[in-house]
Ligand code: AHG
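This document opens with one chain alone, in C-alpha coordinates, the form predicted alone.
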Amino acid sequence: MQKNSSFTTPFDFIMEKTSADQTERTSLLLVTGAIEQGGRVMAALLRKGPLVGVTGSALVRNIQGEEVQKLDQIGQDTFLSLFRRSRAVMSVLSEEAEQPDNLPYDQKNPLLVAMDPLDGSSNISVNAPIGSIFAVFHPPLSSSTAPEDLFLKAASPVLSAYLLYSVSTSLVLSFSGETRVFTLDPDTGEFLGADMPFRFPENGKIYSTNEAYLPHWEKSLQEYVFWIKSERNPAMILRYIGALVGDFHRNLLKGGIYLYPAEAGEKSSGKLRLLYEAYPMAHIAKNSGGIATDGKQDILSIVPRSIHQRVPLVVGPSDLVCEFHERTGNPLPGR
(Lines give C-alpha, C1' and ligand atoms only; values in the text may rest on other atoms or scores of the structure.)
Protein backbone atom coordinates (compact mmCIF):
# COMPACT_ATOMS: atom_id res chain seq x y z
CA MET A 1 0.00 0.00 0.00
CA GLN A 2 1.36 3.41 -0.93
CA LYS A 3 1.69 5.81 1.99
CA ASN A 4 -0.88 8.60 1.92
CA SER A 5 0.97 11.94 2.02
CA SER A 6 -1.55 13.25 4.54
CA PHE A 7 -0.44 10.67 7.10
CA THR A 8 2.28 11.19 9.66
CA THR A 9 4.31 8.80 11.86
CA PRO A 10 5.35 8.79 15.53
CA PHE A 11 8.85 9.76 14.34
CA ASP A 12 7.40 12.82 12.58
CA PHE A 13 5.42 13.72 15.72
CA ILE A 14 8.47 13.63 18.00
CA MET A 15 10.57 15.55 15.48
CA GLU A 16 7.85 18.18 15.13
CA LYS A 17 7.52 18.71 18.88
CA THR A 18 11.24 18.82 19.70
CA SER A 19 13.86 21.30 18.54
CA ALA A 20 17.04 20.25 16.79
CA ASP A 21 19.16 21.30 19.77
CA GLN A 22 16.97 19.52 22.32
CA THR A 23 19.29 16.91 23.78
CA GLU A 24 16.52 14.50 24.76
CA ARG A 25 15.23 14.18 21.18
CA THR A 26 17.33 11.13 20.33
CA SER A 27 16.32 9.30 23.51
CA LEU A 28 12.65 10.03 22.90
CA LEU A 29 12.90 8.77 19.32
CA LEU A 30 14.65 5.58 20.43
CA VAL A 31 12.14 4.86 23.18
CA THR A 32 9.18 5.55 20.89
CA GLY A 33 10.76 3.33 18.24
CA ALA A 34 11.09 0.52 20.78
CA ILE A 35 7.39 0.83 21.68
CA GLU A 36 6.46 0.72 17.98
CA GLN A 37 8.58 -2.38 17.34
CA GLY A 38 7.17 -4.09 20.41
CA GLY A 39 3.69 -3.34 19.09
CA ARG A 40 4.53 -5.00 15.77
CA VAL A 41 5.89 -8.10 17.52
CA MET A 42 2.95 -8.43 19.91
CA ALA A 43 0.34 -7.76 17.21
CA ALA A 44 1.84 -10.50 15.03
CA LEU A 45 1.86 -12.98 17.93
CA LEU A 46 -1.68 -12.16 19.00
CA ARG A 47 -2.99 -12.72 15.47
CA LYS A 48 -2.02 -16.40 15.68
CA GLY A 49 -1.65 -16.94 19.44
CA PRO A 50 -3.62 -20.22 19.81
CA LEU A 51 -1.93 -21.65 16.69
CA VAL A 52 1.58 -21.24 18.11
CA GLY A 53 0.78 -22.16 21.71
CA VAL A 54 1.35 -18.79 23.39
CA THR A 55 -2.06 -18.41 25.02
CA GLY A 56 -2.98 -19.73 28.44
CA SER A 57 -1.40 -19.53 31.88
CA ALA A 58 2.35 -19.43 32.50
CA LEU A 59 1.62 -21.23 35.83
CA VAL A 60 3.24 -18.49 37.91
CA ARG A 61 2.01 -15.38 39.75
CA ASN A 62 3.43 -11.86 39.49
CA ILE A 63 4.31 -9.46 42.31
CA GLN A 64 0.63 -8.43 42.41
CA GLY A 65 -0.40 -12.01 43.20
CA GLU A 66 -2.12 -12.27 39.80
CA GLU A 67 -1.87 -15.30 37.53
CA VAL A 68 0.61 -14.60 34.73
CA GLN A 69 -0.44 -15.53 31.21
CA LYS A 70 2.14 -16.77 28.70
CA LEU A 71 1.64 -13.59 26.68
CA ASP A 72 2.18 -11.45 29.81
CA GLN A 73 5.67 -12.92 30.06
CA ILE A 74 6.28 -12.63 26.33
CA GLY A 75 5.23 -8.97 26.46
CA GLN A 76 7.55 -8.36 29.41
CA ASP A 77 10.51 -10.01 27.66
CA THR A 78 9.79 -8.33 24.31
CA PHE A 79 9.56 -4.73 25.53
CA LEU A 80 12.36 -5.10 28.10
CA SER A 81 14.67 -6.44 25.38
CA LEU A 82 13.78 -3.60 23.02
CA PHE A 83 14.33 -0.93 25.68
CA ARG A 84 17.67 -2.55 26.50
CA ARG A 85 18.71 -2.48 22.84
CA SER A 86 17.71 1.18 22.54
CA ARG A 87 20.56 2.21 24.89
CA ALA A 88 18.34 5.16 25.86
CA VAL A 89 16.62 3.77 28.96
CA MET A 90 18.13 3.90 32.43
CA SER A 91 15.55 1.69 34.17
CA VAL A 92 12.28 -0.12 33.43
CA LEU A 93 9.51 -0.66 35.98
CA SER A 94 6.95 -3.31 35.05
CA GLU A 95 3.80 -4.83 36.48
CA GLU A 96 5.44 -8.20 35.96
CA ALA A 97 8.59 -7.57 38.03
CA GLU A 98 9.04 -6.94 41.74
CA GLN A 99 11.84 -4.42 41.23
CA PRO A 100 12.83 -2.17 38.29
CA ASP A 101 15.43 -3.45 35.83
CA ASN A 102 18.43 -1.15 35.46
CA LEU A 103 19.64 -1.14 31.84
CA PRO A 104 22.90 -0.14 30.13
CA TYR A 105 22.67 3.16 28.26
CA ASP A 106 24.94 5.47 26.31
CA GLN A 107 22.61 8.37 25.49
CA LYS A 108 23.37 11.65 27.26
CA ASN A 109 19.77 11.97 28.44
CA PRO A 110 18.48 8.49 29.27
CA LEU A 111 14.86 8.03 30.30
CA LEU A 112 12.82 5.91 32.71
CA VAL A 113 9.97 3.68 31.49
CA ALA A 114 7.10 2.30 33.59
CA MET A 115 4.96 -0.25 31.76
CA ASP A 116 2.12 -2.71 31.89
CA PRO A 117 3.36 -4.93 29.04
CA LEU A 118 -0.01 -6.62 28.55
CA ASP A 119 -3.11 -4.95 29.96
CA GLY A 120 -6.32 -6.99 30.10
CA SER A 121 -4.65 -10.37 29.71
CA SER A 122 -7.77 -12.11 31.03
CA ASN A 123 -9.32 -11.16 27.65
CA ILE A 124 -6.78 -13.20 25.69
CA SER A 125 -8.65 -16.49 25.84
CA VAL A 126 -11.83 -14.94 24.42
CA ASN A 127 -10.09 -12.89 21.70
CA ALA A 128 -11.20 -9.54 23.19
CA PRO A 129 -9.20 -6.29 23.03
CA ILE A 130 -6.01 -6.02 25.12
CA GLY A 131 -3.15 -3.53 25.19
CA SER A 132 0.22 -2.34 26.46
CA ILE A 133 0.69 0.85 28.53
CA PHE A 134 3.79 3.05 28.98
CA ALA A 135 4.80 6.12 30.96
CA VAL A 136 8.17 7.72 30.18
CA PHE A 137 9.88 9.93 32.75
CA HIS A 138 12.99 12.05 33.13
CA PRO A 139 15.21 10.65 35.89
CA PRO A 140 15.16 12.76 39.07
CA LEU A 141 18.06 15.12 39.70
CA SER A 142 18.80 13.33 42.98
CA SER A 143 22.10 11.47 43.08
CA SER A 144 20.42 8.36 44.51
CA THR A 145 20.87 5.36 42.24
CA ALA A 146 18.41 3.03 43.98
CA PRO A 147 16.15 1.71 41.17
CA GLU A 148 13.00 2.19 43.23
CA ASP A 149 13.91 5.78 44.15
CA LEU A 150 14.28 6.71 40.50
CA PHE A 151 10.56 6.18 39.92
CA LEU A 152 9.35 7.46 43.29
CA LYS A 153 11.19 10.75 42.81
CA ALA A 154 10.49 11.27 39.10
CA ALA A 155 8.14 14.07 38.03
CA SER A 156 5.02 13.60 35.88
CA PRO A 157 5.47 11.68 32.60
CA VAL A 158 7.18 13.46 29.74
CA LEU A 159 5.61 11.02 27.26
CA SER A 160 2.86 8.42 27.59
CA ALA A 161 1.60 5.79 25.19
CA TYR A 162 -0.55 2.74 24.83
CA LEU A 163 -0.95 0.07 22.20
CA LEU A 164 -4.38 -1.42 21.55
CA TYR A 165 -4.50 -4.85 19.89
CA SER A 166 -7.91 -5.43 18.33
CA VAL A 167 -9.44 -5.38 14.84
CA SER A 168 -6.47 -3.16 14.03
CA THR A 169 -3.45 -2.22 16.16
CA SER A 170 -3.49 1.35 17.42
CA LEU A 171 -0.72 3.39 19.02
CA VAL A 172 -1.84 6.40 21.05
CA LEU A 173 1.05 8.70 21.84
CA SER A 174 0.90 11.77 24.09
CA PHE A 175 3.77 14.25 24.19
CA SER A 176 4.37 17.97 24.53
CA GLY A 177 0.73 18.83 25.23
CA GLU A 178 -0.75 16.81 22.36
CA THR A 179 -2.17 13.35 21.77
CA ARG A 180 -1.91 11.60 18.40
CA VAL A 181 -3.54 8.35 17.28
CA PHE A 182 -1.71 6.02 14.87
CA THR A 183 -2.74 2.75 13.21
CA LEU A 184 -0.39 -0.08 12.22
CA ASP A 185 -0.38 -0.67 8.47
CA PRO A 186 0.23 -4.44 8.23
CA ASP A 187 1.50 -4.10 4.66
CA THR A 188 4.32 -1.67 5.44
CA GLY A 189 4.79 -2.14 9.18
CA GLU A 190 4.41 1.61 9.72
CA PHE A 191 2.23 3.31 12.31
CA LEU A 192 0.35 6.04 10.45
CA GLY A 193 -1.98 8.75 11.72
CA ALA A 194 -3.50 12.12 10.98
CA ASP A 195 -1.26 15.16 11.36
CA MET A 196 -3.44 16.74 14.04
CA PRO A 197 -4.00 16.60 17.81
CA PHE A 198 -6.72 14.28 19.10
CA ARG A 199 -9.29 15.46 21.66
CA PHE A 200 -12.15 13.87 23.58
CA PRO A 201 -15.42 14.65 21.78
CA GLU A 202 -17.87 16.82 23.71
CA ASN A 203 -21.17 15.65 25.18
CA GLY A 204 -20.12 12.03 25.62
CA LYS A 205 -22.84 9.59 26.69
CA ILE A 206 -20.84 6.50 27.71
CA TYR A 207 -19.81 5.31 31.14
CA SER A 208 -17.48 2.35 31.65
CA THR A 209 -17.36 0.47 34.92
CA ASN A 210 -17.86 -2.97 36.41
CA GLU A 211 -21.28 -2.64 38.00
CA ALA A 212 -20.88 -6.01 39.72
CA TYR A 213 -18.86 -4.12 42.35
CA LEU A 214 -21.45 -1.36 42.81
CA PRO A 215 -22.88 -2.77 46.10
CA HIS A 216 -19.39 -2.48 47.60
CA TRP A 217 -18.92 1.21 46.70
CA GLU A 218 -19.54 4.26 48.85
CA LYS A 219 -23.15 5.47 48.79
CA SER A 220 -22.32 8.65 46.83
CA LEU A 221 -20.87 6.53 44.02
CA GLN A 222 -23.89 4.25 43.96
CA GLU A 223 -26.18 7.28 43.76
CA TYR A 224 -24.10 8.75 40.92
CA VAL A 225 -24.46 5.59 38.81
CA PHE A 226 -28.21 5.49 39.46
CA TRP A 227 -28.47 9.16 38.45
CA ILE A 228 -26.55 8.88 35.16
CA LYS A 229 -28.68 5.88 34.13
CA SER A 230 -32.14 7.05 35.11
CA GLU A 231 -32.29 10.74 35.97
CA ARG A 232 -29.60 12.49 33.94
CA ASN A 233 -30.77 14.16 30.73
CA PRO A 234 -29.63 12.63 28.50
CA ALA A 235 -29.05 9.34 30.32
CA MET A 236 -25.74 7.56 29.77
CA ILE A 237 -25.18 4.04 28.46
CA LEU A 238 -22.88 1.37 29.90
CA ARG A 239 -20.05 0.02 27.77
CA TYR A 240 -17.41 -2.12 29.49
CA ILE A 241 -14.68 -4.28 27.96
CA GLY A 242 -12.75 -5.11 31.12
CA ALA A 243 -9.38 -3.92 29.83
CA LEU A 244 -8.30 -0.38 30.73
CA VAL A 245 -6.80 0.28 27.28
CA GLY A 246 -9.91 -0.90 25.45
CA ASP A 247 -12.35 1.04 27.61
CA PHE A 248 -10.25 4.21 27.63
CA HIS A 249 -9.72 4.09 23.84
CA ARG A 250 -13.42 3.77 23.08
CA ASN A 251 -14.18 6.67 25.40
CA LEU A 252 -11.39 8.76 23.85
CA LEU A 253 -12.95 8.27 20.41
CA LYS A 254 -16.65 8.32 21.35
CA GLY A 255 -16.71 10.44 24.52
CA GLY A 256 -17.17 8.73 27.86
CA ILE A 257 -16.04 8.39 31.47
CA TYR A 258 -14.18 5.41 32.97
CA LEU A 259 -14.69 4.53 36.64
CA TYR A 260 -12.71 2.12 38.79
CA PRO A 261 -13.44 3.29 42.36
CA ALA A 262 -12.08 1.80 45.54
CA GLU A 263 -14.47 -0.32 47.53
CA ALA A 264 -15.87 1.30 50.67
CA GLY A 265 -13.39 0.93 53.52
CA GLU A 266 -10.85 -0.69 51.22
CA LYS A 267 -7.38 -0.43 52.77
CA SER A 268 -5.60 -0.87 49.44
CA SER A 269 -7.28 2.31 48.13
CA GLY A 270 -8.08 1.00 44.68
CA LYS A 271 -6.85 -1.56 42.20
CA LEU A 272 -5.13 0.14 39.26
CA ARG A 273 -1.40 0.82 39.55
CA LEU A 274 -0.42 4.48 39.81
CA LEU A 275 2.87 4.59 37.92
CA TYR A 276 2.15 2.39 34.91
CA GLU A 277 -1.64 2.50 34.53
CA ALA A 278 -3.14 5.62 36.12
CA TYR A 279 -0.27 8.04 35.41
CA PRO A 280 -0.04 7.34 31.65
CA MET A 281 -3.81 7.44 31.16
CA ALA A 282 -4.01 10.66 33.19
CA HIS A 283 -1.25 12.21 31.05
CA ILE A 284 -2.97 11.16 27.82
CA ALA A 285 -6.32 12.45 29.10
CA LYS A 286 -4.84 15.80 30.12
CA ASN A 287 -3.34 16.27 26.66
CA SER A 288 -6.68 15.32 25.08
CA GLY A 289 -8.91 17.80 26.92
CA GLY A 290 -9.69 15.49 29.82
CA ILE A 291 -8.97 14.89 33.49
CA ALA A 292 -8.05 11.87 35.61
CA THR A 293 -8.60 11.74 39.37
CA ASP A 294 -8.73 9.20 42.18
CA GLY A 295 -12.18 10.51 43.07
CA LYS A 296 -10.71 13.24 45.27
CA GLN A 297 -7.67 14.74 43.55
CA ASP A 298 -5.87 14.91 40.21
CA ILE A 299 -3.95 11.68 39.55
CA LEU A 300 -0.90 13.60 38.32
CA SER A 301 -0.67 15.44 41.65
CA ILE A 302 -0.27 12.19 43.62
CA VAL A 303 3.29 11.56 44.85
CA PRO A 304 3.93 7.79 44.77
CA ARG A 305 4.85 6.07 48.02
CA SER A 306 5.71 2.71 46.46
CA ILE A 307 6.44 1.56 42.93
CA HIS A 308 3.43 -0.77 42.72
CA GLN A 309 1.04 1.60 44.52
CA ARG A 310 -2.64 1.17 43.65
CA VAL A 311 -5.22 3.93 43.25
CA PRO A 312 -8.86 4.38 42.23
CA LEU A 313 -9.28 5.94 38.78
CA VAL A 314 -11.89 8.24 37.26
CA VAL A 315 -10.89 9.46 33.80
CA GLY A 316 -12.54 11.05 30.79
CA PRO A 317 -13.50 14.39 29.21
CA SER A 318 -13.34 17.37 31.57
CA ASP A 319 -17.10 17.95 31.54
CA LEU A 320 -17.96 14.39 32.55
CA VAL A 321 -15.26 14.12 35.23
CA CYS A 322 -16.25 17.49 36.74
CA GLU A 323 -19.90 16.37 36.69
CA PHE A 324 -18.88 13.18 38.52
CA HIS A 325 -17.12 15.21 41.22
CA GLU A 326 -20.04 17.56 41.64
CA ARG A 327 -22.52 14.70 42.00
CA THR A 328 -20.35 12.78 44.47
CA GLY A 329 -19.69 15.81 46.69
CA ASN A 330 -16.04 16.44 45.81
CA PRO A 331 -16.00 19.35 43.34
CA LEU A 332 -12.62 19.94 41.73
CA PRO A 333 -11.01 23.28 42.71
CA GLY A 334 -11.01 25.85 39.89
CA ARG A 335 -13.41 23.85 37.71
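Throughout, we count residues from 1 along the sequence that is shown. From a predicted model like this one, the values you see are computed outputs, not experimental measurements.
Another form exists, predicted in complex with the ligand; not displayed. Remarks below refer to it.
Sort through 260, 217, 175, 151 and report the residue having a heavy atom within 4.5 Å of the ligand in the predicted complex. It is 260 that has a heavy atom within 4.5 Å of the partner.
Exactly one residue in 40, 308, 70, 271 has a non-hydrogen atom within 4.5 Å of the ligand in the predicted complex; which is it? So the residue touching the ligand in the predicted complex, by this definition, is 271.
Out of 235-243, 105-113, 179-187, 156-164, where are the residues with a heavy atom within 4.5 Å of the ligand in the predicted complex? Of the options, only 235-243 has residues within 4.5 Å of the partner.
Is there any non-hydrogen atom of residue 227 lying within 4.5 Å of the ligand in the predicted complex? Contact check for residue 227: no, nothing within 4.5 Å of the ligand in the predicted complex.
Indicate whether residue 204 is a 4.5 Å heavy atom neighbour of the ligand in the predicted complex. Although the ligand is absent here, residue 204 would stay clear of it in the predicted complex, with no heavy atoms inside 4.5 Å.
Can you tell me whether residue 120 touches the ligand? I mean in the predicted complex, with a 4.5 angstroms heavy atom cut-off. Residue 120: contacts the ligand in the predicted complex.
Contact label in the predicted complex: residue 210 to the ligand, heavy atom within 4.5 Å: Residue 210: contacts the ligand in the predicted complex.
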